[in-house]
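Just the one chain here, laid out as C-alpha cells, in the form predicted on its own.
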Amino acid sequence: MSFDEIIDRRDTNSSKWDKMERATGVSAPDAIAMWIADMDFRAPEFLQDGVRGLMEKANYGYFAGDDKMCEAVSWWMSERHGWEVDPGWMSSTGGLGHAIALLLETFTDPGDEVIIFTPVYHEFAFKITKANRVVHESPLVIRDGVYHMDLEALEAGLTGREKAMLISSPHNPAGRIWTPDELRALAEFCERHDLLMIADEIHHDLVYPGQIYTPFLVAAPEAADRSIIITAASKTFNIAGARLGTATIPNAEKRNVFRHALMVHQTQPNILGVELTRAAYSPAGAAWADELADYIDGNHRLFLDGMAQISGVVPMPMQSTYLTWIDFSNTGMEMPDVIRRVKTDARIAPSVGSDFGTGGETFLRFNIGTPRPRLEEALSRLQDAFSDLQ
C-alpha cells in the first residue's frame, strides 16, 4: 500500500478529525489534526480481510472467547520482541485506558500514591486522579538532549504511601526507548520499595530502523511477580476503535485477582477486537509494520529537521513512535503566543505539552502518523507562522 495516499477522514466519526474543534479549538476548514494518537493511513488489506471473515460467518452473537487471539499475541511478542510469554497469563481489557483504571482499582487503595515519570501520556494522571489515588510525579531530566529518569531524586522524595509505578515504554510523548539497564534499575527500585510495576508498552512496534526496543520483562525477568504488562495492537495498526487491550500478569495470584475484577465489572473481549488483533498479529501484519516503521522514520526525520529550522525551536531526538515532542522555550515567546501561532496562524491542532505534567510546559506534541504530503504542508505552515523569529 502507499502511505502517501491522502484520505479525507472528516465526517467519518473520527475523533481525530471530527472532534478536533471541540478538543483543541482549531476550527479552520483546512485545519490539520496532529493531536490524538491516531494515524491517517488506510487500513491494510489483511485487517479488511479479518473483518470480511467475520462478516462471512454472519454471527455476531456470544462467542467462544479470546484464546486464539492470546496465542497470536504470544507469537508476536516472541517473533518481534524476543519475549516468550505464556498466553495463559493474558487477560483482555477494554483498551489500555480501561486496563490502567481497573488495575489501579484492583491493586491499590484510595489515597495510595502512584509514581509516573513526567512529562508523560496525560491519561496516566487522569486515570490515577479519577480513581482517587494520588499522582506522584518524578520529573524526567534532559541530558544530551533526551530524557533520563532521576531515581535518586525520586527515592529522596518518597513518602511511604507509594504502591505502584506506571511507565510508558517506549515513552510517550518523547519517543525515547528505555535501555535494558534503565529498565533493570526500575525493577530494582520497585523491589526495594515493594511497588507494583505497570508497564504500558503499547508503542512497542513503532521503533525506527536501527533502534532496539526491549520489553520490561525481557530486561528484568526477575521482576515478573510484581509486574503487569499492558499492550495492544491499536497503536501499530490504528485499531483503537476496537477497544481491546491485553494485560499480561505472570503471577498467578495477581492474575486471579484481576480476572475476578474483570468478572465483577462484566468486562469481556469483543468479537471485532479479537478478530482484528488476530489479523494484525500475523506474518502479513509483521511485514506491514516494518514498512510503517520505515515510513514513520522518514516522517520523523523530515519533521524534526524542518522544525529545527525555526529559530529557537528544539525538537527532541526520537527513537520510536509517531508522536514528536517539540520545545519552544528558546524562542523567547510565551506559550500562549506559541499556541496561537500554531493553532490560528498555521491552522494546526497539536497536543499542548502542559497536559503531560511537570516538564511539558514549553512543549507541543505533534502527531506525524500521516501521509508525507500532508506533513510537508503542516511543516510549511509552521515555518511560515514563525518566519519572523531571528
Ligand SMILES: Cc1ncc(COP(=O)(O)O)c(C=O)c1O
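For clarity, every value in this text was computed on a predicted model and none was experimentally measured. Position 1 is the first residue in the sequence shown; the rest follow in order.
Quick note: we don't show the form predicted in complex with the named molecule, though the next part is all about it.
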Non-hydrogen atoms within 4.5 angstroms of the named molecule in the predicted bound form: do Thr214, Arg278 and Ser282 all have one? no
May I ask you to choose, among Gly306, Pro87, Pro250, Gly97, the residue with a heavy atom within 4.5 Å of the named molecule in the predicted bound form? Gly97
Interface check vs the named molecule in the predicted bound form: of Arg80, Lys254, Arg243, His136, the one with a heavy atom inside 4.5 Å is Arg243
Location of the named molecule contact in the predicted bound form, chosen stretch of 201-209, 107-115, 151-159, 178-186 [non-hydrogen atom, 4.5 Å]: 201-209
Looking at the partner-bound form in the predicted bound form, is Ile326 within 4.5 Å of the named molecule by any heavy atom? no
Any non-hydrogen atom of His300 within 4.5 angstroms of the named molecule in the predicted bound form: no
Residue-level question: is Ser91 within 4.5 Å of the named molecule in the predicted bound form, judged on heavy atoms? no
Find out whether any non-hydrogen atom of Phe124 is located within 4.5 angstroms of the named molecule in the predicted bound form, and reply yes or no. yes
Suppose contact means any heavy atom within 4.5 Å; which members of 209-238 contact the named molecule in the predicted bound form? Ser234, Lys235
